[in-house]
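Starting off, we have a lone chain in the form predicted alone, written out as structure tokens.
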Amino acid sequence: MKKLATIVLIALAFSLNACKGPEGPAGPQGLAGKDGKDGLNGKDGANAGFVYFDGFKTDLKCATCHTPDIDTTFFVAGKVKQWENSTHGNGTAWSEYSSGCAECHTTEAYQLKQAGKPVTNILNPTPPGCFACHKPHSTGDFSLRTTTPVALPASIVGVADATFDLGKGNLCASCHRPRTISPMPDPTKTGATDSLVVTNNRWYTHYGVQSQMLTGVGAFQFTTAATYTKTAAHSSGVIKTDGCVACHMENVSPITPGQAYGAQIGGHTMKMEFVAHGSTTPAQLLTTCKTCHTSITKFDYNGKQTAFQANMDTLKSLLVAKGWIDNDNGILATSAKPIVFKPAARAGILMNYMTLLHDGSNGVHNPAYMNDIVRASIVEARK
């Protein structure tokens, strides 16, 4: 039966083919079909060399960065390893993911902030990483997400806000900026009956004061001090255009062959020094410093870091003796036992100490200004 059916079908096929006449004229064009799901469009005549990724026209191809062998265009893998060795990559700050903190502590909230969107609690946060500072899938390159000048709020009565505008460093300062404090100290309140009461054991302008110190603003200036000199050169030249990047992100070859490589210092580690295996002396990034200080061999140029640290130790001892801080630099104020400053302007002593401490550069960001501030604070603390 199956053989008979097969024979019939074959015969029918030959019969129909034999009856086929010439092809008639084409009919009208049918309706357009439904669009397929958006993906990566190929090249076309009008946009040769471009693709569309995530809705944006870009000349970036996946393999430009994600290569199967060695990335020789952007060295993404190497820079990721550097970042993993940075405080951004291996620190714990990204655990601060509530709406009030997340904009600087997580990649996700930083993106929201820079896009002008409300910052919310981030439920699955990641540390400030590649896509905080860059948006390659939108721009097709690794340009910075922002270089807009940054407002630095003042925390001193009668002092105007400042602006940080050092090129690429503006991105850094968008997070490494101070917060305001309350109550704010007032340099004019020097009368015996003037007082300021602090009940908050975090009465300081947070940890992002590097932008202030680099530009020489933000510290409390006592009217009795003679001068507060800024190191103007630290806001000029290559620092004017590159800011923090000029010093912290140098791409370095081995300082000593086989020891301090870019994964340990400079680049996306953003670290300024590294003690190599078998050494007790830190390798330091001094290339930008040598632009002006041709003979410099270490950050402690002309003993300025040594002098600064000695003064900070002296100031700390005075504050511990007054019961304002403990030996771990914690402020001792509580609502049950507040710190009462009389005259009120003396609160600037504590504010200065915490600002200089949290800057973390040991005076390097602005040697003249920072040394003047700590010396003036010591004089006031001894009264």
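Computed from a predicted structure; not experimentally measured. A residue's number is simply how far along the shown sequence it sits, counting from 1.
Another form exists, predicted together with a small molecule; not displayed. Remarks below refer to it.
K.L.:
At 4.5 Å between heavy atoms, only one of the stretches 219 to 227, 193 to 201, 115 to 123, 243 to 251 reaches the small molecule in the model of the complex; which one is it?
P.N.:
That would be stretch 243 to 251.
K.L.:
Does the small molecule, in the model of the complex, lie within 4.5 angstroms of each residue among G266, A276 and D328, using heavy atoms as the measure?
P.N.:
None of them does, since no heavy atom lies within 4.5 Å of the partner.
K.L.:
Quick check on K316: any heavy atom within 4.5 Å of the small molecule in the model of the complex?
P.N.:
No - in the model of the complex, heavy atoms of K316 and the small molecule never come within 4.5 Å of each other.
K.L.:
Is there a non-hydrogen atom of V374 within 4.5 angstroms of a non-hydrogen atom of the small molecule in the model of the complex?
P.N.:
Residue-level check for V374: no, no contact with the small molecule.
K.L.:
For G167, is any heavy atom within 4.5 Å of the small molecule in the model of the complex, or not?
P.N.:
No.
K.L.:
Contact with the small molecule in the model of the complex for P185, defined as at least one heavy atom pair within 4.5 Å: yes or no?
P.N.:
The answer is no: P185 has no heavy atom within 4.5 Å of the small molecule.
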